[in-house]
Structures are given as C-alpha cells and as structure tokens.
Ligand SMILES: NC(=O)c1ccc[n+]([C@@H]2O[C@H](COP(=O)([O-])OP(=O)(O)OC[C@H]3O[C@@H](n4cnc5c(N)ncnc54)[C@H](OP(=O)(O)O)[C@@H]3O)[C@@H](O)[C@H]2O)c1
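Shown below, as structure tokens, is a lone chain in the form predicted on its own; questions about how it binds or moves come after it.
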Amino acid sequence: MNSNSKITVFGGSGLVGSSILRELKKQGYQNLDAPRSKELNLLDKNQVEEYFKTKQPEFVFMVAGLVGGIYGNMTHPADFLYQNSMMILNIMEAIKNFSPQTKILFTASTCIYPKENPQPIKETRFMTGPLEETNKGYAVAKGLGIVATQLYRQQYNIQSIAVMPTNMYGPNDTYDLKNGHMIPSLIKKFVEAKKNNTSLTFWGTGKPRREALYVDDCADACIYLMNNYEEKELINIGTGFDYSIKEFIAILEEVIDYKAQINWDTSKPDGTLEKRTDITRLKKIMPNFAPRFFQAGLKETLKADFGWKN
C-alpha cells in the first residue's frame, strides 16, 4: 500500500475497524473508505456488487461482522452463522466478478479453534476437532470465511489472506453487558461498580485463562501483514501470554482502585478453559511485534472511553 492507495475498511465503526482506520491515518494513508451498514449492507449481494463495480478498492480490510459474548452466541446462534457467512461470501464473489485486483485481509477469531487444544494453539489446529458449543454458529461462519479466502485464491487467484486475532479490548468497544465480550464486560462492570459502590457477579469459576490483545496492537499487525504477507496460511495475532479471569479481576481492582465483593455464578458456563495462541508465525514475519500487557492497555482504554485521569 502507498499513501494514495484506495483502501476500504468494512466494519470501520467497530472496535477493530476504527482502530485500523486510526492507525492507517497515523501512517499517512489518505484514500480511505469505511462505509457504514446504512450506506452499504454487506448482507445484500446487489449492494456489495455495486460497491466493487464502482469503487474498485485496491485493498480491503474485512473486519465487519455480528459479534458477541457467550450469552449472545448462545441465544442467537443461527444469526451469527448466517450473517457472518453471507457477508464474506458476498464480498469474495464481488471481488471475483468485479474487482479481481483487490487484496483482502479477513479477520476470523481464535474462538473458532477446536474446544480442546494443546497450548499454545498453532494455526495448524484449524478444523481438527469439535468446536465449543457456546459459539458454534459464529465459529462455523468464521471458519467458512477462512476457507473462502483460501479457495477463491486457489481457483480465481484472488489476493486474500486470513488472520486469527485473539480476545481484544480497547477504545470504541461496545461494553454491552448482556451480549458483549468478556474483557469489555469486565471493564464496564468494574467502572459501574466503583461508581455505585456495589458488588460484582461473574459467570463460571474464574479459572479459564484468556489472552487480552489491545486493539491497536492488532491493527498494527493487520496493516503490516497487508503490506508484507502474501501466503494462504493463517496467521495468529495474539500476545503469547494469558491471564485467568480471576487475574484479570485483580488487575482491574488495582488499576481502577476498587476492591469489590466478588460473587461467582457457577451455574453459568466457563466456556473454553484455556486458549493461548502460538504467535511464532507472526513473529517471523513481523519481528518487532510487541503487544502490551493488560495493565498498560487497560489504562489507555479507561482514558479513551471513560475519561479516566489516573
């Protein structure tokens, strides 16, 4: 990419997309387009085709999708399956038919790896075992997207790459306590609990371990890979280190300066117990990749989204 390349970010108003846009602007890219869903419905094949006919983007970051936490995935699994599948298929077909010079980077998610994995999880684990039931619809759709990038590359020579970001957090998250992801939900709950001086209740046992990738670190990696990676193999984007849910809570207590009474609802599922990515492949391509620790990213997030002064 150069400063005048025609670059499209699908999902530019979301957590990852808005971060990619910020980082692209910081790096001097000027010809950026990030159509919102009311302007371009990625579920509408005709609209997607018209976009690629008229815009002819040179590079596309496909980070749009229906996303959510355990509750959202369990209550709307068919929606997660359908919407995430159709978005990427409509885009790949439109690129094939109307803009074959376009290079696309598709973001999947490490939650699509099998439920049981040797740790850390290598990219070769993709499609090697049963999925976690609590997010099966989403996982199948994102897996379909990865396979689509590979098969359209194979049959139609489309320049397509796929990345597997781990659990993310950072500025411009949704903080949806009912349907959101684990880390932003933890942050929001702690902010509200300190404000109201209340106790906190969390699902499960607190034993599952998760990575926490600050979204700007993910955006840096995506932009670097768009510029420097051309192969069909998946690339994990993670941290290489993880925390238990209880450890996340201890860090939040320290940074937010609020020692809450913690209750655990063990009638609710834990989800996958451990899910740490192997980022050896990414580090070979991007040797300077150095994701920040949760304490540092948490402070940046609180400052950006909650006006935190500390």
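What you see is a predicted model, and the numbers here were worked out from it, not measured in a lab. Residue positions are given as counts along the sequence shown, with the first one as 1.
Quick note: we don't show the form predicted in complex with this ligand, though the next part is all about it.
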- [ ] Check each of Val60, Leu252, Val67, Leu282 and return the one that places a heavy atom within 4.5 angstroms of this ligand in the model of the complex.
- [x] Val67
- [ ] Sort through Gln150, Asn117, Thr174, Thr205 and report the residue having a heavy atom within 4.5 Å of this ligand in the model of the complex.
- [x] Thr174
Open item on the list: Looking at 34 to 42, 51 to 59, 262 to 270, 239 to 247, which stretch has residues with any non-hydrogen atom within 4.5 Å of this ligand in the model of the complex?
Closed with: 34 to 42
Open item on the list: For this ligand, considered in the model of the complex: do all three of Ala108, Met168 and His181 come within 4.5 Å of it, counting heavy atoms only?
Closed with: yes
Open item on the list: At 4.5 Å between heavy atoms, is Leu15 in contact with this ligand in the model of the complex?
Closed with: yes
- [ ] Flag Ile95 as yes or no: does it have a non-hydrogen atom within 4.5 angstroms of any non-hydrogen atom of this ligand in the model of the complex?
- [x] no
Open item on the list: Please determine whether Gly297 contacts this ligand in the model of the complex, using a 4.5 Å cut-off between heavy atoms.
Closed with: no
Task: Non-hydrogen atom contact Tyr138 with this ligand in the model of the complex at 4.5 angstroms - done: yes
